[in-house]
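Form predicted on its own, single chain, as structure tokens, below.
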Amino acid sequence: MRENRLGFKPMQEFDVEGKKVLLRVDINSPIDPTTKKIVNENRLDKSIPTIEWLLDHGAKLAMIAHQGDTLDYQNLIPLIEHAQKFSEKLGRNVRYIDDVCGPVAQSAVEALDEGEAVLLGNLRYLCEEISTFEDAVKLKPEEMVNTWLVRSLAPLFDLYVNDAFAAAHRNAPSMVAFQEVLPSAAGPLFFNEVSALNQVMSNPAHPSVFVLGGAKISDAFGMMEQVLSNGTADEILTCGVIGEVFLLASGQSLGSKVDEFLQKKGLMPFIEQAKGYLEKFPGKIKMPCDLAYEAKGMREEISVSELPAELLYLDVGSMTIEEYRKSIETAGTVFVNGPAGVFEDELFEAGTKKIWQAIADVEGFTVVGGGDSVSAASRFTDIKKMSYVCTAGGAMVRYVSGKKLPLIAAMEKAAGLT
């Protein structure tokens, strides 16, 4: 298994009784835009076994986590509901301090008793933790030890545990810098995520089908060449914006409204890349054969052969759904990232709903990841029928692409292997 090869130290190897433990979790959850309440608790649920083990073994536990970012500011909210959810699920109080690493947070850590837990404030309150800072400043982990977060918290703790694989692609102090100054370990969720993805990467049962959709296409494009070249994927089913880009790459015009949308989102350069993939991997990448749109408040469908039309397409059509279901039904492995359409709207839920239900019914090994994908799986299927539900989205896709993730590198370094 990958974690054995890397030699990450599991937290279970440490005696945590009476020790102050800093646990980095990823509980960044989908938020209702109106109520600002959590609408999917998958990441919270997946963190519970780690928290329980630490508290049951007498740790004095402080947790750090993020919610939202500059790129999705509407989700940047305090973590008080997360703490309340933890308290309910654990059956014991998890205190919340709306301070990340200042004097109030430090005092709360110092006051912890064995078996007690506190969740500190949203990490994204700190400029050093937001994505725009990461992109602009580009600090190395050894330089991050001088950030306010690490300077303030590291001296208070005996052990740092990272169980936030979902954020493994982030080169942020909370993810990669505490390993520079504290004994460090990986949590069981970290190991489970890596193990499931390694099964997809290294030993997939064939045929292996990848279902790639949604609107965040850069990571998916980075993965396609890798998984098709090395035989990890036998077939890729495209939908969402990815499907539209491949249709354009195949020479199909979709209309000026789609062109304007892709231009506005800065996605037009992916068309040339898609052309290269279609030439290099003939027959391996499937595209929608019909699409759905709204007309007078109703769902309508149009065959690709009837395009272009001056429409915006918000789901795949019935013929595409049936074609994709047939591919999925015979698969030995299915890897899913990104919904087929705007499934939050009942008019355009059919593609995601029916394709996800086909995935849930497969006897082979299925992995679904990414916030929207997991939300859809929870909404339309019995999620327990999926072999593994990954908390990660971007990190999952990049790991499967064979890229070295910042967290992996930091944990390797902490284990003395680099």
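Source: prediction; values computed, not measured. Residue positions are given as counts along the sequence shown, with the first one as 1.
The form predicted together with 3-phosphoglyceric acid is left out here; the points below concern that form.
Asker: Does Asp69 make contact with 3-phosphoglyceric acid in the predicted bound form, using a 4.5 Å heavy atom cut-off?
Answerer: Contact with 3-phosphoglyceric acid, yes.
Asker: At 4.5 Å between heavy atoms, is Asp372 in contact with 3-phosphoglyceric acid in the predicted bound form?
Answerer: No.
Asker: Is Arg170 a contact residue for 3-phosphoglyceric acid in the predicted bound form, using a 4.5 Å heavy atom cut-off?
Answerer: Yes, contact at 4.5 Å.
Asker: In the predicted bound form, does Arg124 come within 4.5 Å of 3-phosphoglyceric acid, counting heavy atoms only?
Answerer: Yes - in the predicted bound form, heavy atoms of Arg124 and 3-phosphoglyceric acid come within 4.5 Å of each other.
Asker: For the interface check, one of 353-361, 382-390, 57-65, 24-32 should have non-hydrogen atoms within 4.5 Å of 3-phosphoglyceric acid in the predicted bound form; which one?
Answerer: Selected stretch: 24-32.
Asker: Of the residues Met224, Ala166, Val200, Val245, which one places a heavy atom within 4.5 Å of 3-phosphoglyceric acid in the predicted bound form?
Answerer: By the 4.5 Å criterion, the partner-contacting residue is Ala166.
Asker: Enumerate the residues of 32-56 that have a non-hydrogen atom within 4.5 Å of 3-phosphoglyceric acid in the predicted bound form, in sequence order, or give none.
Answerer: The stretch touches the partner through Arg43 alone.
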